[in-house]
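This document opens with one chain alone, in structure tokens, the form predicted on its own.
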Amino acid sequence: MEHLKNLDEIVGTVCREMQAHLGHGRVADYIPALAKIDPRHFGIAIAIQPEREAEEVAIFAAGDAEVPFSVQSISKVFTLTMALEKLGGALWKRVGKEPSGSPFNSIVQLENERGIPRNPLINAGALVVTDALLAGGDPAQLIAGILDFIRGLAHDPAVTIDPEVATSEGDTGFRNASLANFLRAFGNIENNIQDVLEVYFHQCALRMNCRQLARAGLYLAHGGVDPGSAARVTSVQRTRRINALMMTCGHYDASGDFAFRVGLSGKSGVGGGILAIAPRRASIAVWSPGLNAWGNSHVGVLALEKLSSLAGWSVF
């Protein structure tokens, strides 16, 4: 089909044009396991929503699209989906829906707002989501459940959790521990703090490549349905709300800039990955480890800006 041929060409063009920018930005060296990653990597993959249910999902990829990386905060999109399925609207009593306008790990804002995080995509909000999922259960069981959920969305059992990254997160995650204690002081963490942190650090240590990540996010472009299995992952309304939060909050205090330049909902991670959604069209994953001043992939943002322009996918 002609539009698929065009996408193949667009992916190739984006990959070629990004070569001049590779190595720019700084890797997340405050997490020792990520400090040694070569910032010159770049991968891109697009998973296309099939025109008919019986059709297979097409994936177009270039560069280091099959090199696995730590998804970090991109995992928050998937745990938010799980929590909304479990709790429904009750989750919004514990976490807000507004952009933070502050760094993703701000403690000052959390204290000022009396333990209610601005949104579920900053660290404090994600900790509340993790606590809601744990609900007195076994951390190891929840970690396995999160992994199974994402493997199912990716249609790939090779998705895994990097134990070195999880350990590194635990060894250096003092600010996240502080956030959890602040939340507990305001009654917004109900489980044992160490159990919540264990789950959170392991979910952030999910290891995926661009192909897997793009495929896993496709339900967000398909009204909450996984087009590979026709299974409903979440409702149409929740899908819209998750996409809205990704648009307004997915890049922390640079979310407005991302919306201005790219025009797609997206979620970044300090591992250098970005998941972006073109509603009713595609799920896109890019990865390049060098981060800009706001903790988002420098080359990844440039690549998505170029892709959105070439494909005409901005929602605006």
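From 1 onward, residues are counted along the sequence shown. Computed from a predicted model, the values in this text were never measured in an experiment.
Same protein, other form: the form predicted in complex with glutamine, not shown, and the subject of what follows.
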Any chance Phe69, Asn209 and Pro289 all have a heavy atom within 4.5 Å of glutamine in the predicted bound form?
no
Where does glutamine sit in the predicted bound form: which of 253-261, 274-282, 57-65, 25-33, heavy atoms within 4.5 Å?
25-33
Answer option from Asn188, Ser73, Thr239, Asn191, heavy atom within 4.5 Å of glutamine in the predicted bound form
Ser73
Only one of Thr79, Ser100, Thr234, Asn176 comes within 4.5 Å of glutamine in the predicted bound form by heavy atoms, so just point that one out.
Asn176
Can any non-hydrogen atom of Val270 be found within 4.5 angstroms of glutamine in the predicted bound form?
yes
Decide whether Glu169 counts as a contact residue for glutamine in the predicted bound form under a heavy atom distance cut-off of 4.5 Å.
yes
Given that glutamine is not shown alongside this chain, does Leu218 nevertheless sit within 4.5 Å of it in the predicted bound form, heavy atom to heavy atom?
no
Although glutamine is absent from this view, report whether Ala180 comes within 4.5 Å of it in the predicted bound form, heavy atoms only.
no
What residues in 193-207 sit within 4.5 Å of glutamine in the predicted bound form, counting heavy atoms only?
Tyr200, Cys204
